[in-house]
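Given as structure tokens, the chain that follows is alone and in the form predicted on its own.
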């Protein structure tokens, strides 16, 4: 995010805030994860492949791939409550195992190679989604990349065990640029998300901050 907490430009236009070292850090986390999770908004706006860019990891990446087995890749997971992700999205291209978590109200048909979890309720219940990932796909280590609504759900439901954020030396400003944490609004400090600071590390032209969930 930027120094003022923005994760994109006005209207949600993508902003590349990470430098080479942070991009490599993210790829390393992806490589050690069983699955990578994003929301529908991230897929619509950024169309990420959610693949591991092994070429950025060098010999370390080769060692991880050997230990995982030939052709292994982490699951690509998208929360798609109403079936709104474009059919041309790269996560639906069949190049890596993919699962969509949605609701029973969504009647959309996804490609046959995509696993689909249809959960009850008008919105995807995050704790229930995490239980499905563990039970059905064997996910033990999950990387949640975004966007702001998914990050908010994870932090507010206290379902993460580690939170890291790279802060770039840049200010974006404005009222139409999305912030790291989406609604609902915190009307009091009791409704805000407490975190426990664990460390800060200079990285590229910014700083990597690490937190644990607070009490």
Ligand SMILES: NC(=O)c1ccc[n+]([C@@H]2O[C@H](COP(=O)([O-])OP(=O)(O)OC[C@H]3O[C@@H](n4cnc5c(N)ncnc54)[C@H](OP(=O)(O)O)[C@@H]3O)[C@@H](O)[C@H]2O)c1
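Positions refer to the first chain, counted from 1. Since the structure is predicted, the reported quantities are computational estimates derived from the model, not experimental observations.
Just so you know, the form predicted in complex with the ligand exists too; it's not on screen, but the next bit is about it.
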{"property": "In the predicted complex, the one of 31, 150, 35, 168 near the ligand [non-hydrogen atom within 4.5 angstroms]", "result": "150"}
{"property": "Segment that reaches the ligand in the predicted complex - one of 132-140, 113-121, 91-99, 78-86, heavy atoms within 4.5 Å", "result": "78-86"}
{"property": "is_contact(residue 128, the ligand) in the predicted complex, heavy atom dist at most 4.5 Å", "result": "no"}
{"property": "The ligand contact in the predicted complex: residue 198, any heavy atom under 4.5 Å", "result": "no"}
{"property": "The ligand contact at residue 12 in the predicted complex, heavy atom, 4.5 Å", "result": "yes"}
{"property": "Touches the ligand in the predicted complex: residue 45 (any heavy atom, 4.5 Å)", "result": "yes"}
{"property": "Members of 158-184 lying within 4.5 angstroms of the ligand, judged by heavy atom, in the predicted complex", "result": "178"}
